[in-house]
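Just one chain follows, in the form predicted on its own, and it is written as structure tokens.
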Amino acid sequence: MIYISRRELEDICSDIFQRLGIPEDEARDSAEILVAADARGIQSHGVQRMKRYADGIKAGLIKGGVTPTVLRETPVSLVMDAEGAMGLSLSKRAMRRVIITAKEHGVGVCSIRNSNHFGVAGYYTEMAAREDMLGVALSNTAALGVPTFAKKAMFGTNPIAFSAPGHDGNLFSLDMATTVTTRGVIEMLEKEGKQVPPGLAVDADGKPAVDPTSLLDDMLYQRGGGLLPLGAERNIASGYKGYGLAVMVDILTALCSGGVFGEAVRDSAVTSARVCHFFMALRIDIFRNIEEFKNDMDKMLTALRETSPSEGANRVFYAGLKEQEALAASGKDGIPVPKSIWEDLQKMRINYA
């Protein structure tokens, strides 16, 4: 690993996006969201994805400077066709709009079709939490997840994120795939020359996947196999729960916006699929006094953090705590970036000059 300041890493990624023709404001927002993943210790959704974004832009599947089409609108809701816009910057604008709506009406929701990969879902929910709101963000993805009792991918990793605020920047911030892992993690295993650990995925024959390269290739071309749903295999560890959550995400993101869902969401060899999103913000004071709520959040998070760990464990975490600690550390020491990824970024700056 090498350690890079957050600002420098954002500037490099923004520069690459701009060299590829993305307007400066969208490039900077997109770079900020990508780097935010690495700053939180989520490398699978960080700058290691720059090559895939660049390929998508060059192929014309990811577009800058696009004005999404409004399909349906009410005082509290919005449905849009993204027209292939940058999923990162578009999602930031969409969440801002949802927050503005919630400030006026108590709730704001937005469902979007025909977008692109939007990075870490928790980035958007934390935008709402910092405005004293509850935030929700969902996205479907290319079909990578295998239903319970199946051996063929029929839904995406379909992430779910939810954030709620306490005082002094403390957050409960859940950001999870509905599969036991993500493709980004498998990509990192491939880069590091490691095998796929047991319980994460099955191959085209429905047997435990071992080789990350074969697994990634089979998922890309939908030959069979894929990632297991949250809860893992069959009903032994309640895999049907992750399966059900993944389908719920498809309903809220794709079916509500009229977008593509299930196995019809397909990546290409060079870029990720066009996907759908869902965003929601709820103003906390429509339920109760915000200070009373945040006081209770502080008590809850403190109680969870101070719970006695089990044998062999050092401490107990709650959703978002590790990421908040990684964020603080990266602000002090710089963001850790694998040397190979750093070299790829330098090559992209030269190649796209």
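Keep in mind it's a predicted model, so treat the numbers as computed, not measured. We call the rigid core whatever largest set of C-alpha positions still superposes within 1.5 Å between the two forms. Residue numbers run from 1 along the displayed sequence.
Not on display, but discussed next: the form predicted together with a further copy of the same chain.
Partner proximity in the model of the complex, defined as non-hydrogen atoms within 4.5 angstroms of a further copy of the same chain, places exactly one of 178-186, 83-91, 115-123, 219-227 at the interface: 178-186. The putative spot formed by 18, 20 and 193 is not touched by a further copy of the same chain in the model of the complex; no residue has a non-hydrogen atom within 4.5 angstroms of it. Looking at residue 103, you'd find every heavy atom of it more than 4.5 angstroms from a further copy of the same chain in the model of the complex. Residue contact check for residue 151: one or more of its heavy atoms lie within 4.5 Å of a further copy of the same chain in the model of the complex.
Contact check for residue 303: a heavy atom falls within 4.5 Å of a further copy of the same chain in the model of the complex. A residue is said to contact a partner when one of its heavy atoms sits within 4.5 Å of a partner heavy atom; residue 111 meets this definition for a further copy of the same chain in the model of the complex. Residues 278, 280, 282, 285, 286, 287, 288 of 273-288 are found to place at least one heavy atom within 4.5 Å of a further copy of the same chain in the model of the complex. Superposition of the core reveals a Cα shift of 2 Å or more for residue 183 between the shown form and the other one.
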